[in-house]
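Before any questions on binding or motion, here is one chain by itself as structure tokens, the form predicted alone.
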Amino acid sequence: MSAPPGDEERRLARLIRAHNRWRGRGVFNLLASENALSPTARRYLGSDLAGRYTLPMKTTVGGEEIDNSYAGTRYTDQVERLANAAAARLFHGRWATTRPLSGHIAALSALAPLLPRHAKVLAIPPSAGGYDGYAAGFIPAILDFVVRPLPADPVSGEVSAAEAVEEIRRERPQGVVLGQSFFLFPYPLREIAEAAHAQEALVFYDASHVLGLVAGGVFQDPLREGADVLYGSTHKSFPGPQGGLLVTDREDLFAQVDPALVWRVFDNAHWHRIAALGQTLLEMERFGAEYARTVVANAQALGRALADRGLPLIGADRGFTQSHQLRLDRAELARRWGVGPAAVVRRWERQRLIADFEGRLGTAEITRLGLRPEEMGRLADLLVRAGRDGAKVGGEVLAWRRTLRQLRFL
């Protein structure tokens, strides 16, 4: 007979229950990097697939050629093929893999096999809202790349077509990586791709933050606009499990990527995650357009409401955003409120309003909860009262949150 649970097991159980109450039912989550899974996708994460392997590749064992190193994978392999096909359809490619374990791993999965060692790569620098992983010392250091900055506005992160084209022509890179952590506006992608391809460079589009909006057709259509490879995280504006995917319209590129994954970038791809991702991809085929439109409409409405109440945001002259993100204006916040984003976010957290300390607000998860643009004024009131005045609005937040018991877009 097994022994009863010990103190640490009971403590762990209490922590999980507390987290589920707090983050799952007791706050408004405005983190731009998170979203809510559908009940069906969440159920697949807890399926028997969670402990299973598959390795569908031809190999020889004891002189006999086999198609898979494991027996018993008849359904696992079909799940993966279904998810890959859905990803290819949704993002307008012909080849896709859902094996990458994260957006960062998806980046490695694309860059490592497709660019040579010592390649020169242009990427938006962190100082202009770019992803830190593309900065010197991170992915470029692992792959022996030379990284140069792709020009972007240091405040809004916007990329000018003329400046980008000029830099591509001057630097003559082997790769151009688009994608940002602070991602408010689409790129002039056709112009960038034309300039890059004229230099025989590949264009990589990291859609980690905007993947759900790309899927819904409201941000931009990277592969049809000239990107060679689309990849990204599946749990930000895209409402899937934590993980990644990669899609391309070019058979020659996928023929290099796919064989380079197993035993190089990763081994076990976590097929319970792929099942949950497959479910989310299929859900997005049904409701993605409406979901994405509502996410952006909520972000723009929240931006207007916050600005009207005195919270300064980047991009006011452009309608604040065309994505799921809003970004606090650090300099103006310090001038008006006398604090930085971190202090405001700490005040929000104490009142059940969750954001990140970099000053980003995201509307993906609150959209899944059912909030609409006409309710953004009410939310803005709570954010400004708590953030500027230190008002104790946690009770109001909790009472409102308790009325939102079911996710939308299922």
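Note that residue numbering follows the sequence shown and begins at 1. In this text, all values refer to a predicted model and were calculated from it rather than measured experimentally.
Quick note: we don't show the form predicted together with a small molecule, though the next part is all about it.
Participant: So which of 160, 174, 102, 73 gets a non-hydrogen atom within 4.5 Å of the small molecule in the predicted complex?
Facilitator: Flagged contact: 102.
Participant: Which one of 181, 84, 321, 279 is close to the small molecule in the predicted complex, taking close to mean a heavy atom within 4.5 Å?
Facilitator: Result of the distance check: 181.
Participant: So in the predicted complex, does any heavy atom of residue 254 sit within 4.5 Å of the small molecule?
Facilitator: Because no heavy atom of residue 254 falls inside 4.5 Å of the small molecule in the predicted complex, the answer is no.
Participant: Can residue 208 be called a contact residue for the small molecule in the predicted complex at 4.5 Å between heavy atoms?
Facilitator: Yes, residue 208 lies within 4.5 Å of the small molecule in the predicted complex.
Participant: Indicate whether residue 235 is a 4.5 Å heavy atom neighbour of the small molecule in the predicted complex.
Facilitator: The answer is yes: residue 235 has a heavy atom within 4.5 Å of the small molecule.
Participant: Does the 4.5 Å heavy atom contact test between residue 131 and the small molecule in the predicted complex come out positive?
Facilitator: Residue 131: yes, in contact with the small molecule in the predicted complex.
Participant: Where does the small molecule sit in the predicted complex: which of 299-307, 270-278, 208-216, 146-154, heavy atoms within 4.5 Å?
Facilitator: After filtering at 4.5 Å, what remains is 208-216.
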